[in-house]
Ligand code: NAD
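Let's start with one chain on its own, the form predicted on its own, as structure tokens.
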């Protein structure tokens, strides 16, 4: 197979047949394939099947046929299978992470390997949490009756995930979905399918060790416009999980109809820096939030709201922190930020910066692609000051390594700016006042609020997702909370007086 720029071979375990349908690894029915290239070098990494509607239909049929037997397993049996998946992923973590780094562009040691280890943790947590799910027993007015409740899987689950975290985001759906008893059809992102194919081999191997029907987990590759639409609207798909930008999420919900949907959509995370904040810590957190994974994080710090009286000092500290970030090739140990993953993201970053500078904002460092690199996707850490509320950097999700600084005067104004874009995934506030913490928590319209840490802060078991009524989706990813969203509540009313 082709090698990465660091000489790390794309492993033989990837195989030449990378579609998984009904337990068999194969090609698209049409035989067509598409290329996966390194954003760091431009080198061809692999070719994978380019699936169409017929492949979707076959994968869904396999999942539907396998569901009754998989649902019928005792919960402890399913838990053991999912724990085995976690074990296999941990054993192969470095191999998977090498491929992930090559196809996505993130630094191997500091980002790709930790991501894969979190994949294993997500499977482990799902396996542990599913055996502890509790449902209420409710007293009835009739003393001869008892009302019991159970959580049951929906059936066939479709999962569509993005390229920025190509293994950990899928695991947030797959681990709980399988542990709860759903069968699955998964479509990875077109620019980063390879690492997920290796994870899928771990999943399938764990399933093969049990005497179960084929087709519990299926993976198909291809363009979202071709197979994504067919998958989410398929009449035999019962639940859809999607992480991605909001416009696509809205389209999926429209096509899915009355199916259950679990949506983690766009974010436009502000970090609010209050006048009583620890400015050194706030600056370090802002840099992390803006530049981790080159800013390609759903909960990235897209806007930094700084109280006017501390603006100058904070900006000095932010520039100091920005200089610590080193743009480079993802397998170079000195690299702390890799290239952007794809051209549309680079173009959008340029457009947002051009809009801001045309309206009077000033780029203090970075601001343009670096020349002399193997590809045109190397975009340096960028700090831009004088950003206003009418600029795209405030109104939309940029998804690039940009730190836009916006000044505010009062706490009320900070809340107004934070809430006005309609996104509400994760927000951050730096303050030394507990009173201020709760004041902001009550007023910020978002699913998650982090105090005195980056907007990029999360742990695998926490409930993560958009605030109700925002453009950031619905449902929760993380720990046992996802199990609630991939199951439905079944109620039983039993009359003991008429029973034997």
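Positions refer to the first chain, counted from 1. Remember, it's a predicted structure, so these values are computed and weren't measured experimentally.
Beyond the structure shown, there is the form predicted together with the ligand, which is absent from this document and is the topic of what follows.
message: So the ligand isn't shown here. In the model of the complex, which residue out of 153, 193, 366, 266 has a non-hydrogen atom within 4.5 Å of it?
response: Checking each option against the ligand in the model of the complex, the one that comes within 4.5 Å is 266.
message: Within 4.5 Å, heavy atoms only, which of 244, 381, 181, 107 is in contact with the ligand in the model of the complex?
response: Partner contact (heavy atom, 4.5 Å) among the options: 244.
message: So if I measure heavy atom distances to the ligand in the model of the complex, which of the stretches 278-286, 322-330, 144-152, 162-170 falls within 4.5 Å?
response: Flagged stretch: 162-170.
query: Wondering, does residue 84 line up within 4.5 Å of the ligand in the model of the complex on heavy atoms?
result: Contact with the ligand, no.
field: 4.5 angstroms heavy atom contact with the ligand in the model of the complex for residue 418
entry: Residue-level check for residue 418: no, no contact with the ligand.
task: Using the partner position in the model of the complex, report whether residue 397 sits within 4.5 Å of the ligand, counting heavy atoms only.
output: Residue 397 belongs to the contact set for the ligand.
Residue 440: touches the ligand in the model of the complex, heavy atom cutoff 4.5 angstroms: Residue 440 lies outside the contact set for the ligand.
task: Taking only heavy atoms into account, state which residues of 419-447 are within 4.5 Å of the ligand in the model of the complex, ordered by sequence.
output: Read in sequence order, the lone residue that approaches the ligand (within 4.5 Å, in the model of the complex) is 425.
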